[in-house]
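Single chain ahead, by itself, as structure tokens, in the form predicted alone.
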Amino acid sequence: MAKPSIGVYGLTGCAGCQLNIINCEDELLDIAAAVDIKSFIMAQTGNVECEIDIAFVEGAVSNEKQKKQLLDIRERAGLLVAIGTCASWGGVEAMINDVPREVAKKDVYGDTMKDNPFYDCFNPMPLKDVVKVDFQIVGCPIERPQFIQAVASLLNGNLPLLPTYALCTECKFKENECLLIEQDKFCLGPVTKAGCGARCPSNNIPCEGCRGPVFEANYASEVEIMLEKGYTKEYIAQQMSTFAGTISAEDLGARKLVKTDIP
């Protein structure tokens, strides 16, 4: 029986999610033995771009070349899995920015970008804005155990069951003191998807929301608490958009959170 074929691809991002796949170490040989890796430029040579069963794609889409590449991957793949916050929500590069992209490009690169296709980019988008995404493994970067679990589930013909609740739940499991309520720190745990084991709050560092939003989060309550703590509307909106600037009402099951939405 033929092994399932996979490809691992990277668009605009830091490649940290791909690196974490390579860093699976003890399990990596088992994964490699269970699948036929057709393409993984970061890890091997002799890559072949052909029809595959599963495509794992990291990074946001930020130019026409990447858009065409993603469309090609989608056409060749049976399942397409977005890995990481950039692929799932746009990531840091898609955060809300008051400076128009064309102005920023001119200020940074000046006349060097004139007629240079390298600078032919647009506002980064998550994969789902371009193609159908069958599943997301969120994180910045992804958690290695979750990737291994996802691969195991997919090899068995099932979609992975990963956490869908808020990170605060993991803090409660660990009996952590609430940094938001007890210490007045700006913590996005109540509106961020769990799965990291509350790594930052467990070390007295507030959650910055790097795993992206949890569905149907109570954003209104979070904002109300932040305002009571003395944070400004502008600061709240900026921080909430750091890793998920492309967040939509459909994604949240609520209104899109932008500055004008904050009471």
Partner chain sequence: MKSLRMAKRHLPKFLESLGKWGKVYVPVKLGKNSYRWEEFDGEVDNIALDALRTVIPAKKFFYKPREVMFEYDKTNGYTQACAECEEDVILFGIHSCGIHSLETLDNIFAGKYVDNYYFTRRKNITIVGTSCMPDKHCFCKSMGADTVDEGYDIFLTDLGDDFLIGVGSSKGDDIVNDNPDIYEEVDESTTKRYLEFRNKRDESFELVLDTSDLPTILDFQYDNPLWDELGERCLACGSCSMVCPTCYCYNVDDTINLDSETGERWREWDCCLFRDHALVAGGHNFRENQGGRLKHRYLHKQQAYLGDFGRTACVGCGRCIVACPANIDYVECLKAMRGEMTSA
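Bear in mind that the values here come from a model prediction, so they are computed numbers and not experimental data. Numbering follows the first chain given and starts at 1.
Here the subject shifts to the form predicted together with its partner chain, a form of this protein not shown in this document.
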### Query
Within 4.5 Å of its partner chain in the predicted bound form, do S153, L161 and Y165 each have at least one heavy atom?
yes
### Task
Identify which of E27, E49, E208, E64 has a heavy atom within 4.5 Å of its partner chain in the predicted bound form; exactly one of them does.
E27
### its partner chain contact in the predicted bound form: K172, any heavy atom under 4.5 Å
yes
### Query
Hey, in the predicted bound form, is F215 touching its partner chain, heavy atoms inside 4.5 Å?
yes
### Query
Do N97 and its partner chain share at least one heavy atom pair within 4.5 Å in the predicted bound form?
no
### Query
Does the 4.5 Å heavy atom contact test between E102 and its partner chain in the predicted bound form come out positive?
no
### Task
Please name which of the stretches 66-74, 51-59, 231-239, 29-37 has residues with heavy atoms lying within 4.5 Å of its partner chain in the predicted bound form.
29-37
### Query
From first to last in sequence, which residues of 122-149 have any non-hydrogen atom within 4.5 angstroms of its partner chain in the predicted bound form?
I148, Q149
